[in-house]
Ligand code: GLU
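Only one chain is included here, represented as structure tokens and corresponding to the form predicted on its own.
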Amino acid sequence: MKKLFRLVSVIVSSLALLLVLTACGSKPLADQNVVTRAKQSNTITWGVKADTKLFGLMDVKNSQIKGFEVDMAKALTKQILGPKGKADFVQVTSSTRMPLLKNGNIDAIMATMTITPERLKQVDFSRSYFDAGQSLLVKNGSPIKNVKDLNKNGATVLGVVGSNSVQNVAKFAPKAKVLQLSDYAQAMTALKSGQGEALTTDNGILAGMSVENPGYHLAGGAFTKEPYGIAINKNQPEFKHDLNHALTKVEQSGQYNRILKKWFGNVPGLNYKEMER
């Protein structure tokens, strides 16, 4: 009887444990504790751009995404999970990054995403890791010298769906027409084909586009402040703390400045020293 009682106890305990594990597993991915899951898999999954030179661009030679944000994500991953921690990358655009995060397909967005009050209603952000400012990219010889020139003759300005840049243009140049494209590659093609007189987004992104497309330059300097933050789902306070702590460590070690110099040190007209931390 004692043996039977012990056997029944073991079975009951096992069933109880199974029910607990099943209940945890039934939680939607976006609601699960990211830090716990990351430590179990030794992996953090990041949503990054693959069409934005200097920040995140697909290398067609080896099908790897490379850029400032990719290197930063790798550095932060190792700070959080240790030297053997693995950073996985999922390609996102300005319009797909939020749904992918909300569905739990990625743990964090590090994709030139500006911290705004509207976005803070939907997600949480780390502190800023890159202090950008919105600017304009125009063809050499263009009469557009600053954002106010877009008001003249109802110039058409090109932007990207899901970016807050288009809304900002409406504030500074309300008479300008706006054409939104799905990504920066299409926006640049539209600028080259004359579908618009200027392309607008953050200066760091435009710097990469100017390097990649000789004959185009940044005009008028930055007319807004656009601090980039790492977006995560709500109710992840432990993950937010770990990200901010890791960012501080990367900055204090000098690694941040080394990564910054690697990607922005040779961009004409951009003083990367002003961005150092």
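The structure presented is a predicted model; accordingly, all values stated were derived computationally and were not measured. The numbering used is simple: start at 1 and walk along the sequence shown.
Unshown form predicted in complex with the named molecule; subsequent notes refer to it.
*Asks:* Should the pocket be classed as open or blocked once the named molecule, positioned as in the model of the complex, is overlaid via C-alpha superposition of the site (3 or more ligand atoms within 2.4 Å of backbone or C-beta atoms defines blocked)?
*Replies:* Judged by the transferred pose of the named molecule in the model of the complex, this form is open (no ligand atom within 2.4 Å of backbone or C-beta).
*Asks:* Pick the stretch from 174-182, 142-150, 90-98, 71-79 whose residues have a heavy atom within 4.5 Å of the named molecule in the model of the complex.
*Replies:* In short, 90-98.
*Asks:* Using a 4.5 Å heavy atom cut-off, state whether Asp202 contacts the named molecule in the model of the complex.
*Replies:* Yes.
*Asks:* In the model of the complex, does Gly162 have a heavy atom within 4.5 Å of the named molecule?
*Replies:* Because a heavy atom of Gly162 falls inside 4.5 Å of the named molecule in the model of the complex, the answer is yes.
*Asks:* Would Lys53 sit within 4.5 Å of the named molecule in the model of the complex, counting heavy atoms only?
*Replies:* Answer no; every heavy atom of Lys53 is more than 4.5 Å from the named molecule in the model of the complex.
*Asks:* How about Thr114: is it within 4.5 Å of the named molecule in the model of the complex, going by heavy atoms?
*Replies:* Taking the distances in the model of the complex, the answer for Thr114 is yes, it comes within 4.5 Å of the named molecule.
*Asks:* Relative to the named molecule in the model of the complex, which residues of 208-246 have a heavy atom no more than 4.5 Å away?
*Replies:* Read in sequence order, the residues that approach the named molecule (within 4.5 Å, in the model of the complex) are Glu226, Tyr228.
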